[in-house]
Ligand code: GLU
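The chain below stands alone and is given as structure tokens, in the form predicted alone.
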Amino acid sequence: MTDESMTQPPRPSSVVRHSSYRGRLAPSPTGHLHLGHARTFWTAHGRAREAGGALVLRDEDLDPARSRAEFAAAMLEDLRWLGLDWDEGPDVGGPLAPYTQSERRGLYLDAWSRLVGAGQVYPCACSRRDVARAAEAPHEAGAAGPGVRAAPDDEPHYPGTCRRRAGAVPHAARAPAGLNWRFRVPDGEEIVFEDLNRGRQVFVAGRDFGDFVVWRRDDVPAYQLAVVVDDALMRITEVVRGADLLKSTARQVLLQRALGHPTPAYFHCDLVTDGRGERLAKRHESLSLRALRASGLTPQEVRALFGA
């Protein structure tokens, strides 16, 4: 790729792909993309192009309180500036549109309804504070197994309060609004998958994670459900993302089985950390692509920062 091509926004690829490989970029417009995102997306792009396959960009704008149009525009611009292109997406179209999650609500509702009908989810009235308090209580400390701690952005281990209250799942539920809906995990079952970067991964349902939210009480589909539905319907064959989502992969494997969807291959990238060893987040604005661009760095210099 030439220096000149790096300075111009690449056009959507018109090359006919001969591989069945389908990868994806899945940024969220809740802030500016940072170096960690850049390395993960660069890896995803490279693996798709090396495989001769297609790359899909999906705008994961499910969070109405944090998603903003200016961030959505910035992430597309910054990724193109970095040197990435994609074959399908909200800005270029494609056969499996829409590529913006807020426009796919009906698909998520259908999946929720199927889970309700199969008795695999139940309504939960517990607040996040209730769950966090239960997870911190001494008598609940062993519920997740010895030494198990939630990741910084991971939902706390659910103690099963409403699972015990729910009894039989209300198969005739018409709408999810007003309550959290949790997936009933098969306690004690090992979820095993071979990560293409980090090797064999094993998580135990009910120990490493509890019943997890698939639909939020504010009537928003949860990340786990939306990603599983979208990856299946967009025919994604390999998911490239950060290692902080390894446990989410175990949850998503359970949802894929419950909904009858295939499980794609997974490649979890090592995380980029700051000077204190903490993984980057969107609060690290000084390391955002937007800030690095404004400082005068070139795309090549930014890529060098994460070893590309």
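The structure presented is a predicted model; accordingly, all values stated were derived computationally and were not measured. For every residue, the number given is its place in the sequence shown, counted from 1.
The same protein also has a form predicted together with the named molecule, omitted here; what follows describes it.
When the named molecule is considered in the predicted bound form, residue 27 lines it closely, a heavy atom lying within 4.5 Å. The named molecule in the predicted bound form is approached by residue 245, whose closest heavy atom lies within 4.5 angstroms of it.
The closest heavy atom approach of residue 227 to the named molecule in the predicted bound form falls within 4.5 Å. In the predicted bound form, none of the heavy atoms of residue 63 sits within 4.5 Å of a heavy atom of the named molecule. The chain is drawn here without the named molecule; in the predicted bound form, the stretch among 180-188, 103-111, 196-204, 219-227 whose residues come within 4.5 Å of it by any heavy atom is 219-227. For the options 32, 45, 39, 241, the one in contact with the named molecule in the predicted bound form, meaning a heavy atom within 4.5 Å, is 241.
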